[in-house]
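One chain comes next, on its own, written as structure tokens: the form predicted alone.
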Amino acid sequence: MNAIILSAVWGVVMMFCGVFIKSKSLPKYIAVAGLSIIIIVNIIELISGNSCFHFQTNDMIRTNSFNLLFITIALGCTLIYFLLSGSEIEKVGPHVGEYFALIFFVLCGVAIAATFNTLLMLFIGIEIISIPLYILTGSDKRNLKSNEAALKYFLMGAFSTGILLMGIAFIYGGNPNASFYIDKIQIGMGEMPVMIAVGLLFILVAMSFKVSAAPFHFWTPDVYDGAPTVFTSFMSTIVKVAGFFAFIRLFEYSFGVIQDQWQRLIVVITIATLLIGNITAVFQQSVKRMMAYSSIAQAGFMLLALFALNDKAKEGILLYSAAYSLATIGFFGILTKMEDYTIDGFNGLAKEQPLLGFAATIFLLSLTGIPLTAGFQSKFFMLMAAVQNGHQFWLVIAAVLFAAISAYYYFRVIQAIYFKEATQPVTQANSVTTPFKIMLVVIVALILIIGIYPEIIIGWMYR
């Protein structure tokens, strides 16, 4: 509850900053201060279990250590994103305060999507996340690709929202209690009624669109490529993992007892997502577009948590949220400093900027799932969750093989960084500042620490 209220309030504060503050750098510091306060208050709620705000929500919002820990991870990664890439947000356009305000409104939606207890709050949370993103995607008004991406994202998002609402209507009409509460749908252990089955299918399609799972991923490469790079970093990390968290929460509480009836659909979507994401990424020459397809492939691994729906899956999604977000935010931070976004644009980066080359390598190794990185632990927990589920063991083998394929396109970038010569300046002149390098070191350290001691995160689940 703390994160929901304070994120919304600070979003309004940032709106007024955009009106009354003319400095382009000051809004970043106000945003960092506000986000730090929200994180501290959320951690206090995680430890004590008591919210600073007491509103009558009629049990439409329900918190526990699991979702509060996820919110803390999402807020912490956003703080790192502000500190690393805040200066890049200033370069997008003149409305810096408004950009930060929209991000805070997205965080409010993230908190709702993590704590909803009714289908209506799920819808509200997803929409509060989505609508500001349409604006951020088209924030670079001088860029036609940004305008096109925003229009495409809006149209596809509106279409998926309609499907989600239709699914909610079918679920409401088909459950015996006529309830929107996710734990009172009470489908039972028998065959699903037709209306429930249709509603579940519609919700599955809509949520798959939100997390860019195949075959509902087609908007992702164009939107991620067209949006300003600094906002692509946020969209492909915090927003994506929030969608997965909502996905898992809904299916666990509402449809967990009939998992065997929809699990095969998840298997098909998982395999399609891993296949399309990894194979298409192999053929990309633009690193930004490669990362877009990579995010689709990473979504395939996160779908293993939905497939398994056990305690190991919950631990895995928390680790994946932190590992994937940190590595992707760090890599996109480096990408914003590059002169050329193609793979050849990384040629000789290690010679020109040794720290950036080393950091980029660690981020890519983590995304690949190499041992001693957080990415390895997160993938390991996902595979363990699927094994413990006891069904479709071949899916685990397929996921490992696709992870091996991902190593190919990640290592192409590492090869360019260390083993190819640059023919022109690699990074933008005077863009790599000392604070930026310090934040890269912090992110690298966090990835390695989580990779060695994953209990730092998952231990909080059982406090």
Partner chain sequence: MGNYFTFPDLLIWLPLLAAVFCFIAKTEKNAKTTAMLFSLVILAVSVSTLFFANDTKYINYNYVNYVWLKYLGANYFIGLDGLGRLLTLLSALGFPLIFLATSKSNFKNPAKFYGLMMLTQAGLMGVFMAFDALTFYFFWELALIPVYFLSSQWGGEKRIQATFKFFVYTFAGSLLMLIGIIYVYLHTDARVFGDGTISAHSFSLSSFYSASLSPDEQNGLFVLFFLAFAIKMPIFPFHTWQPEAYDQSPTAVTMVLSGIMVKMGLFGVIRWLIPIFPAVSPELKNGVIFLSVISIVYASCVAMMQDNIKRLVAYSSIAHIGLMCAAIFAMDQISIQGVMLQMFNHGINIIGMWIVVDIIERKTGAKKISQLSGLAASAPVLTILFLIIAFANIALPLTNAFTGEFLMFSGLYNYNKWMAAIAGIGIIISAVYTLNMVQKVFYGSVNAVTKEVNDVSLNEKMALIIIVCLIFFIGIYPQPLIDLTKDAVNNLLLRIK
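Positions refer to the first chain, counted from 1. None of the values given here were measured: they were computed from a predicted structure.
The same protein also has a form predicted together with the partner chain, omitted here; what follows describes it.
Practice prompt. Mind telling me which stretch in 249 to 257, 262 to 270, 370 to 378, 142 to 150 gets its heavy atoms within 4.5 Å of the partner chain in the predicted bound form?
Written response: Among the listed stretches, the partner-contacting one is 370 to 378.
Item to complete: Evaluate F53 for contact with the partner chain in the predicted bound form, applying a 4.5 angstroms cut-off between non-hydrogen atoms, and reply yes or no.
Response: Because no heavy atom of F53 falls inside 4.5 Å of the partner chain in the predicted bound form, the answer is no.
Worksheet item: Heavy atom to heavy atom, is Y453 within 4.5 Å of the partner chain in the predicted bound form?
Response: Yes.
Discussion item. Although the partner isn't part of this model, could you tell me whether K210 comes within 4.5 Å of the partner chain in the predicted bound form, counting any heavy atom of the residue?
Written reply: Contact check for K210: no, nothing within 4.5 Å of the partner chain in the predicted bound form.
Worksheet item: Does the partner chain come within 4.5 Å of any heavy atom of Y29 in the predicted bound form?
Response: No - in the predicted bound form, heavy atoms of Y29 and the partner chain never come within 4.5 Å of each other.
Worksheet item: So which of I47, I438, I397, I37 gets a non-hydrogen atom within 4.5 Å of the partner chain in the predicted bound form?
Response: Contact with the partner chain in the predicted bound form is made by I397 alone.
Worksheet item: If you check L201, V387, L335, L83 against the partner chain in the predicted bound form, which one has a heavy atom within 4.5 Å?
Response: Flagged contact: V387.
Worksheet item: Looking at the partner chain in the predicted bound form, which residues in 304 to 337 have at least one heavy atom within 4.5 Å of it?
Response: Contacts from 304 to 337: K312, E315.
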